[in-house]
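Before any questions on binding or motion, here is one chain by itself as C-alpha cells, the form predicted on its own.
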C-alpha cells in the first residue's frame, strides 16, 4: 500500500521537532547535567548538523533509489537544520555570553571553530530567507540555484566546526565528515554521469 506523501511530510515534521521537545523536557526536569549551558549548546549544534546532513542526503537517496518524493522533503529539512543552527547560535549569544558583544567578537576572531560556525549559520540564514517560491522567482532560477549550492559549503563548514570544537574524542565529527564526503562523492559521480550522457547524445 502506497503511503500518501502528506502523511510522510507530517511524520517527518514531528520527528524533526522531537529533539527540541526532548531538550525542553530535560531543561524543565533538571536532566541537563552539571553544565546545562554547555549541554544545551552542544545538543542544538549536534541536531543542526545531523538535519543538515539528512537534507543533503535526499538527492543521493533519489539518485540511488530512483524515487522523486525524497526531494519534496528537502525544503522542510533544510529549514529545520537552520532552525536548530539558529537556536545553537542563540544559546551561545544569549545564555552563554549574555549579549556580551565584545566577548563574542573576540571569540569570532580568535577561535576558529566559532568563525567557521558563524559563517555556516549565515549561509543557512541566506538560504532560509530565499527558500520561498516567491523569492526564488524574483532571483531567477539560475541565480537561485547558484545561491543554494552554498548549502554544500555550509555542510563542510559545519563538519569542520564540530571537528575543531572537540578537544579530545574526534570520532563523532570524523564520522559526520565521512558521511558528508560520501554524499558529495555520490553527487559528483551522478553529475559526471549526466555530462557523459549529454556528451554521447550530441
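Only a predicted model underlies this, so the values are computations on that prediction, with no experimental measurement involved. Residue numbers count along the first chain shown, from 1.
Absent from the display: the form predicted together with a small molecule. The rest refers to it.
query = Which residue, 167, 137, 67, 145, has a heavy atom that falls within 4.5 Å of the small molecule in the predicted bound form?
reply = Comparing distances to the small molecule in the predicted bound form, the residue within 4.5 Å is 167.
ask   = Only one of 127, 73, 87, 114 has a non-hydrogen atom within 4.5 angstroms of the small molecule in the predicted bound form; which is it?
value = The residue in contact is 114.
task = Report whether the minimum heavy atom distance between residue 121 and the small molecule in the predicted bound form is within 4.5 Å.
result = Although the small molecule is absent here, residue 121 would touch it in the predicted bound form, with heavy atoms inside 4.5 Å.
message = Would you classify residue 92 as touching the small molecule in the predicted bound form, given a 4.5 Å non-hydrogen atom cut-off?
response = Yes, residue 92 lies within 4.5 Å of the small molecule in the predicted bound form.
ask   = Any of the heavy atoms of residue 62 lying within 4.5 Å of the small molecule in the predicted bound form?
value = No, residue 62 stays farther than 4.5 Å from the small molecule in the predicted bound form.
ask   = residue 45: heavy atom within 4.5 Å of the small molecule in the predicted bound form?
value = Because a heavy atom of residue 45 falls inside 4.5 Å of the small molecule in the predicted bound form, the answer is yes.
message = Taking 4.5 angstroms as the heavy atom distance cut-off, pick the stretch from 155-163, 23-31, 137-145, 54-62 that is near the small molecule in the predicted bound form.
response = Going by heavy atoms within 4.5 Å, the stretch is 155-163.
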